[in-house]
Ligand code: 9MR
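This document starts with one chain, in the form predicted alone, laid out as structure tokens.
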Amino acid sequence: MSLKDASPYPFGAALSISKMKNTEIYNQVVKAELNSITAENAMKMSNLAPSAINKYSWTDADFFVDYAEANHMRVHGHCLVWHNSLPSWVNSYNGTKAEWIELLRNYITTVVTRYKGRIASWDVVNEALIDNGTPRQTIWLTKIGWEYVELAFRFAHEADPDAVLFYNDYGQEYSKVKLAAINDTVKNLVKRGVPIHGIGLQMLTNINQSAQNMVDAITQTAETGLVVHVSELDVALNRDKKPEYVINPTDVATQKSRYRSIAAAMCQLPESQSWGITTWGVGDPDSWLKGSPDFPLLFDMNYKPKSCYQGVHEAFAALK
């Protein structure tokens, strides 16, 4: 049985446009196994508006959404506001605070409106906090102030009132300070009437992180009452990035256990709060971890299911 058929919530992956267009085995796995997809890069600002203000490049994002619709998949948009993947014209833009706010409004409104009713959810703001729970020093913070977070969500909601809007970040499974700060920050914004509907836990993690920490990150996030999305999951084996690393049965078994624990924790949430799991890549050839050997995803170098794939299925089978 496929992941999408066995899972009680949507199961997806971040996809590469190049591999979608050029790698047949990749597409076979995606279509057979998944019912939710996130664009790895195609919907980042540097890709959508690479050259100038109000000049957009829609080719890849349109292809992505068309592909999802043709294959009956949900699209999760990633991401509207981030300190990385900014085009050079943003970094060199000289404007008043009001002009920066208008830039933000125009960009979010243009992108979200184009895909209104076609993209179910968005990572509206990505990684606005650092590990100690304080605001990250970004160009948005410098030019607008912390209110950029609230404004981004309001602009996105105005553009598509039906889209589910997420604050997305990393570190919840390894930093209790950051976990608490993210949850408190989002709850305070919601109290102010800001239209935030969910929290994304990237969970780009490794086998050294305890299963309990991973489960706690999910359950404590759910205690906010918001929707929870494990949004960029992988579980690295070579946590020390050793160039001589060789995959071994002990690490494989631990990886399987970690995937099973994460999938099971998401199963324990109320259906209305579980937006599902998205892995960051489909198989090990897609991993963002470069420079040393690692095998962090559910499918191997030939896109065959791994032991950790079975671990996810074991979590689902335990529900029956």
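The model shown is predicted, which means the values in this text are computed figures rather than measured ones. Quick note: we count residues from 1 along the sequence shown, nothing fancier.
Unshown form predicted in complex with the ligand; subsequent notes refer to it.
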{"item": "Partner-facing stretch of 119-127, 138-146, 100-108, 176-184, counted where any non-hydrogen atom is within 4.5 angstroms of the ligand in the predicted bound form", "value": "119-127"}
{"item": "Position in contact with the ligand when the complex is considered in the predicted bound form, options 237, 218, 204, 164, heavy atoms within 4.5 Å", "value": "204"}
{"item": "Listed residue (268, 57, 257, 41) with a non-hydrogen atom within 4.5 angstroms of the ligand in the predicted bound form", "value": "41"}
{"item": "Candidate spot 4, 303 and 310, all three touching the ligand in the predicted bound form (heavy atom, 4.5 Å)", "value": "no"}
{"item": "Contact test in the predicted bound form: residue 76 vs the ligand, heavy atoms, 4.5 Å", "value": "no"}
{"item": "Close approach of residue 155 to the ligand in the predicted bound form, 4.5 Å, heavy atom", "value": "no"}
{"item": "Close approach of residue 209 to the ligand in the predicted bound form, 4.5 Å, heavy atom", "value": "no"}
{"item": "Non-hydrogen atom contact residue 64 with the ligand in the predicted bound form at 4.5 angstroms", "value": "no"}
{"item": "Residues from 260-298 in contact with the ligand (non-hydrogen atom within 4.5 Å) in the predicted bound form", "value": "280, 288"}
